[in-house]
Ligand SMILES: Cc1cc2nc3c(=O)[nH]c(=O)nc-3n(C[C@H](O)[C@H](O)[C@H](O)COP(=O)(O)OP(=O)(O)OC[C@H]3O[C@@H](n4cnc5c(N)ncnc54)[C@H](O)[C@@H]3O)c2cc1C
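Take a look at this one chain, the form predicted on its own, written out in structure tokens.
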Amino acid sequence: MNFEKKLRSLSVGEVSLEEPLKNHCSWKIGGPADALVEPGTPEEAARLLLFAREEGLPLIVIGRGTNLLFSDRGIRGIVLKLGSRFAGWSVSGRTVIVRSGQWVPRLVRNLAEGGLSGLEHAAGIPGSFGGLVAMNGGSLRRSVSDNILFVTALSRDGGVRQFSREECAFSYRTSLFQNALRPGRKGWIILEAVLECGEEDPSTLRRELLRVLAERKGKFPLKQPNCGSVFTNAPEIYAEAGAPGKIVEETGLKGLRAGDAQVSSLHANFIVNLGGATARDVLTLMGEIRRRVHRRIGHWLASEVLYADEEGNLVPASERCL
């Protein structure tokens, strides 16, 4: 790789070349990235963005890859990972500042131990905080945006801006930051967010966390690689036909396979990797699910999952189904 020496000389963080992306997502699927870089500061991330722009290289930003499907061919460019080197949080009263690389379950547990409430619904979501904010994630009909005051983000040009909750354009499982990932749009990379929490007795919060985790353990296939919920719980479809898992199950698709990708027998809105699944397997299976569901209820299911293609474009996986 002709830019290896220059990339390593710029102090942009930890650099790994020809890095298998299956090692950086919960589905355990994906070919190699030309370079995967893990910055530890906003300055390192900004230098990497400038380098990619000057070199004309594709660049995508990931957290812990819990909502991503990578191309089998990998990515011909740079993957900027905001992971453990970009983690941490601080607390002042009921106000919490969280960096985007923070692992969500640990954050939720520690806040609860300190008597700070509001994120218990996210206890079992095994992703990074930045990813949770970008997709306005949550469970139990709640979202992380319920507690957000401000989000600080880095532009692709290296500028830093603070967004109020209203400016983030949060809605069900989406935000300004997710929409900006679409090709041709200016993207913003979440650096940190300010939360306002409630106060509650730690023992009460602990019981709630245990309840949430027990419910997830009983409902979801936690022992097989997966990305969590595949299809979005669109309000208009929910009102007519129910949640995606119910729709897919009632269409008779539990256990349906394409290669080593399979609709979970435990929860029909999960696609599990039986061991050797490829992105092609997953897209083929998603396509078949969507076609059969459409024939039955007249609606097309959209995906929560984003697909990262070889050129570094991030699009909803439902737009690339086979």
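Position 1 is the first residue in the sequence shown; the rest follow in order. Just so it is clear, the model here is predicted, and its values are computed rather than measured.
Absent from the display: the form predicted together with the named molecule. The rest refers to it.
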| task | Work out which of the listed stretches, 130-138, 202-210, 158-166, 244-252, brings a heavy atom within 4.5 angstroms of the named molecule in the model of the complex. | result | 130-138
| task | Using a 4.5 Å heavy atom cut-off, state whether residue 233 contacts the named molecule in the model of the complex. | result | no
| message | Considering non-hydrogen atoms and a 4.5 Å limit, does the named molecule approach residue 26 in the model of the complex? | response | yes
| Taking 4.5 angstroms as the cut-off for heavy atoms, does residue 109 touch the named molecule in the model of the complex? | no
| Using heavy atoms and a 4.5 Å limit, would one call residue 304 a contact residue for the named molecule in the model of the complex? | yes
| request: Consider the chain as shown here, without its partner, and state which of 117, 226, 145, 71 has a heavy atom within 4.5 Å of the named molecule in the model of the complex. | output: 226
| Single option in 290, 267, 47, 64 placed near the named molecule in the model of the complex, where near means a heavy atom within 4.5 Å | 64
| remark: Contact check, 196-218 vs the named molecule in the model of the complex, heavy atom within 4.5 Å, ordered by sequence, gives 216
